[in-house]
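In the form predicted on its own, a lone chain appears below as structure tokens.
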Amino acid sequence: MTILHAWQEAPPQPLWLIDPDKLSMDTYPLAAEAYLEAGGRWALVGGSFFSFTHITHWCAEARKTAPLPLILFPGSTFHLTPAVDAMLFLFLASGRNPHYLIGAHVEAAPFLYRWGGEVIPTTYILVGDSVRTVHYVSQTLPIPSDKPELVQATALAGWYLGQKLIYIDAGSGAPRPPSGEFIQAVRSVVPLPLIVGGGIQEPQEAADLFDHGANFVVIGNAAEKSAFSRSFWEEFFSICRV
């Protein structure tokens, strides 16, 4: 079964977002064990940029030490690696930078063809009222928090273009998650799996996003503070079972 097919059938749940620059390979096995034991099934690997870590080496070693499927969430074509189980092929639909609408995709396509792994076409939508690292790196602006109709129209465009996944992101370290109004607006018209990330610190915030229609919520910065705590992850997974 492909990861996309599994995601289409999976119940709502958190997804761990790993930044390899912030999690050494010496400590990764313990963190992965805590996540797996709490109910984790997949992890995203990525960030706006990797300053020090060689992504291929990190992912290859991670796959040797823990039975956790890794899905690449690339910040640029420099992050492409065959040492993952699948890759999100991001279409930055909220911006108007041509490089992230088609340029980077043309650069990546020959590598992806040679790799032969699972590629998941993903409509990526940045939202919020503050500029985060991802906005600076991508040279795009987010959709403002009072414009759910724009988020809805953007997600619809991605669906009609044949995308298989919608990812709404407030950016790493955002002061708050994307609003439930955004999620509900997209869920009311688009049947694709819906990932929501950025600014999610507490289980109740995740619960609100699930209530509005999210399939997955991405936990990144919050997990960095409690990466080895099974109870941390159990709190997030428990809200999915209520």
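Numbers for residues come from their place in the sequence shown, where the first is 1. Since the model is a prediction, treat every value here as computed from it, not as a measurement.
Another form exists, predicted in complex with a small molecule; not displayed. Remarks below refer to it.
- Taken together, 17, 124 and 198 are fully in contact with the small molecule in the predicted complex: each brings a heavy atom within 4.5 Å.
- At the 4.5 Å threshold, heavy atoms of residue 138 stay clear of the small molecule in the predicted complex, well away from it.
- Looking at residue 148, you'd find every heavy atom of it more than 4.5 angstroms from the small molecule in the predicted complex.
- None of the heavy atoms of residue 163 is located within 4.5 Å of the small molecule in the predicted complex.
- When contacts are judged by a 4.5 Å heavy atom cut-off, residue 219 counts as touching the small molecule in the predicted complex.
- Note on the partner interface in the predicted complex: the residue among 81, 172, 152, 94 having a heavy atom within 4.5 angstroms of the small molecule is 172.
- Per the 4.5 Å heavy atom criterion, the small molecule in the predicted complex is contacted by stretch 198-206, the sole one of 198-206, 56-64, 182-190, 33-41.
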